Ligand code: PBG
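Take a look at this single chain in structure tokens; it is the form predicted on its own.
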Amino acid sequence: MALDQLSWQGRSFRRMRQSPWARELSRTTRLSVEQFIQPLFAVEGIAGREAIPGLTGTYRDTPDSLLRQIEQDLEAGVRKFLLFGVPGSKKAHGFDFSFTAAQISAIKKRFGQDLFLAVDVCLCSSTDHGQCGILNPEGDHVQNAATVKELARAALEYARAGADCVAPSDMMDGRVRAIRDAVDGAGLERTLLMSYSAKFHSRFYGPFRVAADSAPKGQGSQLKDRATYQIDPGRPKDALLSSLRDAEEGADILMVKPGMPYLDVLQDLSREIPLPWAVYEVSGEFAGVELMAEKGLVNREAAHVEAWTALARAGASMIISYGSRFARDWLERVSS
């Protein structure tokens, strides 16, 4: 019988909502801890781990505390991670990626195949001006070709160190093809490539930029933000074009970032492009729920789970969240 032939008058929809068992059986969107990826921050030169404002349970870690944190995360059911390396020395060019590569090697040596390790590929934590690439002499433009060359070099170094996945987050044109060619050309074709293909110029990145020491600083640059390369929130079609290009250039996983403000984009893209879709619940989103919970305005666990459910409902098969290390516990608590 066709949908338009059914008579809905007098039908009870509440019967399937009246018990937790019926609700569990009838859900079409389900979350599991296997879907979650936990961000990690390894910071060179700090004496001890540092708390990050707004990101409860997430830290700027030393090499030693990073390994201890991963041990705890594995015990909590987390098996997938996204590493951000924060070097101690900032430059305008000639970057040294050895600190991040060393953390990758240490993690894989310690934990091997017990975890999946993706590594962010960008220059914002390495540059003295905080932009995601190399500036022209005038300081008013990020040079695409020069930046892509450095990104490919970083990705190759991370893949050689043992990263399971490299994840370019810079939004330069053509960086996916350059990274794919570099990694494949080195015989590392099994390395996954997760592209931040739909990364918007958002105001929700604040706590992250503290964690990664990556805020635009203006030093040597006339650029005050990243609007010249991140996607304008009012131009969602650019997200489709960028994602189609990155898929064609060899990305294995595509991503929308941020999450909740761009649910419409995530839904449209995940229907249009049949690749696995990640969504990044960014630091401002996570911190917003934490602040409401702190003020007694929302149930912390339930609000986080509701937000994650919306992300999965919109088409994400994987969720990058600062709350991933709590996911197993929260999902068990919020079960009905």
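Residues carry their position along the shown sequence, with the first being 1. Keep in mind that what you see is a predicted model, and the values were worked out from it rather than measured.
Same protein, other form: the form predicted together with the named molecule, not shown, and the subject of what follows.
Engineer: If contact means a heavy atom within 4.5 Å, which one of 260-268, 233-241, 102-110, 204-212 is the stretch that engages the named molecule in the predicted bound form?
Structural biologist: After filtering at 4.5 Å, what remains is 204-212.
Engineer: Please check if Ser283 has a heavy atom lying within 4.5 Å of any heavy atom of the named molecule in the predicted bound form.
Structural biologist: The answer is yes: Ser283 has a heavy atom within 4.5 Å of the named molecule.
Engineer: Wondering, does Tyr322 line up within 4.5 Å of the named molecule in the predicted bound form on heavy atoms?
Structural biologist: Because a heavy atom of Tyr322 falls inside 4.5 Å of the named molecule in the predicted bound form, the answer is yes.
Engineer: Considering non-hydrogen atoms and a 4.5 Å limit, does the named molecule approach Cys122 in the predicted bound form?
Structural biologist: Yes, Cys122 is a contact residue.
Engineer: My question is simply whether Arg180 lines the interface with the named molecule in the predicted bound form - judged by any non-hydrogen atom within 4.5 Å.
Structural biologist: Arg180: no contact with the named molecule in the predicted bound form.
Engineer: Name the single residue among Ser126, Ser169, Thr191, Thr147 that comes within 4.5 Å of the named molecule in the predicted bound form, judging by heavy atoms.
Structural biologist: Contact check passes for Ser169.
Engineer: So which of Val176, Cys165, Leu254, Cys132 reaches within 4.5 angstroms of the named molecule in the predicted bound form, heavy atom to heavy atom?
Structural biologist: By the 4.5 Å criterion, the partner-contacting residue is Cys132.
Engineer: Whether Arg30, Arg300 and Phe326 jointly form a contact site for the named molecule in the predicted bound form is the question; each needs a heavy atom within 4.5 Å.
Structural biologist: No, none of the three is in contact.
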